[in-house]
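For reference, the chain that follows is the form predicted alone, supplied as structure tokens.
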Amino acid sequence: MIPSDDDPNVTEPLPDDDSRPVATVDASVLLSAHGGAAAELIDILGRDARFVGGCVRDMVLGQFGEGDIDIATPLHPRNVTRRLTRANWKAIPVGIEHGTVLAVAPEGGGTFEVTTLREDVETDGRHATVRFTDSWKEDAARRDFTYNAISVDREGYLYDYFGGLEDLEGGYTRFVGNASDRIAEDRLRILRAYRFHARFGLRAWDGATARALAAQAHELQHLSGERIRQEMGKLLVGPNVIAVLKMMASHGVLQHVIPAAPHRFRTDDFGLLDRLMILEDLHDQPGLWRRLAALLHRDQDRMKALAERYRISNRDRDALMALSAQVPAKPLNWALYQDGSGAALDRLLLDAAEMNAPASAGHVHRILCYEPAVLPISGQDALDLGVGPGPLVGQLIRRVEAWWIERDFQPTREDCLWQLSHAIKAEFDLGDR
């Protein structure tokens, strides 16, 4: 150990001797991220800092855009914080016990996750106790998949301790080390394995990996609904959805993250979802809530159970439950006005998929071109026309609103005022009899 030049109470490790680059790449796409703030951060942290994880994997594949940038460093978290503060960056200790600091560049220049090299001391499948280390290989060894354990430094030297480059090229999704051990450290890796395999896996898993996934699938019930929702959400709007769901079902995994089907359906029946995705390819981008509804065959009880298990917000729960087959369909103009274009399109595509029929191109066009309409009159107009305050004001406005919606929002303010005046006259004429 050598003394730190930042905090005299924290010592920093010497670089480990087993770090030898296996290739040289052009790291400019990472360095230029967020307007060059990534390069500035690497300079702040020092020459030993490296890009790690998904950003490196995607860079190697030529798929990196402006996604998340993760950086690892041998520096102690306190020294990371001190360096950031001295450079007028903001340091947020989001997971300081695990060595993670969120680095926020000045003037909205970007946000980065910086993590001190670490190794697991103890894990229970959900949480880990870690200790900081000087070894890049030890840090890489605690990552999930070989292609997520690659790192690259500022000069473009690429480090790959577990054959991640070869696996990317060959289309293998392979755990670092022993699959059972990696899964036991964090059971969410079961779902991550299927999600990454859907994106990068061109070859079937070996039998040992498939057995490890199946053997620990029941442990998913101990994970929080939020974590499961996040992974399943990414999986359902990603590539090769049907194929990966079938694989999850065959391994006995799907039943632990999707509510069981009643006797008239099978949990592994993906026909409705398959037809929905065909319609999405024609008319829209992937939609999470409609895909979840299709996966659950729009069964209200299963949808309610999933909303509770995934702990989704009340707003999202309502959006999901509105797609149940038990909820009566609305005329398109009412659906647009009351629920918005997104919900209307969800319902239209689901209904068409359920009937195994094309979606009306005219209706899709109306939905995509819809701009939220605002009723051009209010309760004050009723008061100005002589109606006294009270429930009658709201009743009259709702009558005019229904008349306006039925005419596809076309009546003008003058038209609505004319209709309101006639509604008032009819109300008082009836009251005089």
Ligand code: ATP
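Since we're looking at a predicted model, the values are computed, not measured. The first residue of the sequence shown is number 1, and the count goes up from there.
Below: the form predicted together with the named molecule, not depicted.
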{"item": "The unique member of His256, Arg78, Arg195, His251 whose heavy atoms fall within 4.5 Å of the named molecule in the model of the complex", "value": "Arg195"}
{"item": "Partner-contacting position among Arg154, Arg227, Lys330, His283 - heavy atom within 4.5 Å of the named molecule in the model of the complex", "value": "Arg227"}
{"item": "Among 214-222, 186-194, 346-354, 296-304, the region lying within 4.5 Å of the named molecule in the model of the complex by heavy atom distance", "value": "186-194"}
{"item": "Heavy atom of Pro376 within 4.5 Å of the named molecule in the model of the complex", "value": "no"}
{"item": "Proximity of Thr267 to the named molecule in the model of the complex, heavy atoms at 4.5 Å", "value": "no"}
{"item": "The named molecule contact at Asp68 in the model of the complex, heavy atom, 4.5 Å", "value": "yes"}
{"item": "Partner contact for Arg291 in the model of the complex: the named molecule, 4.5 angstroms, heavy atom", "value": "no"}
{"item": "Contacts with the named molecule in the model of the complex - residues in 138-177 whose heavy atoms fall within 4.5 Å", "value": "Arg142, Arg143, Asp144, Asn148"}
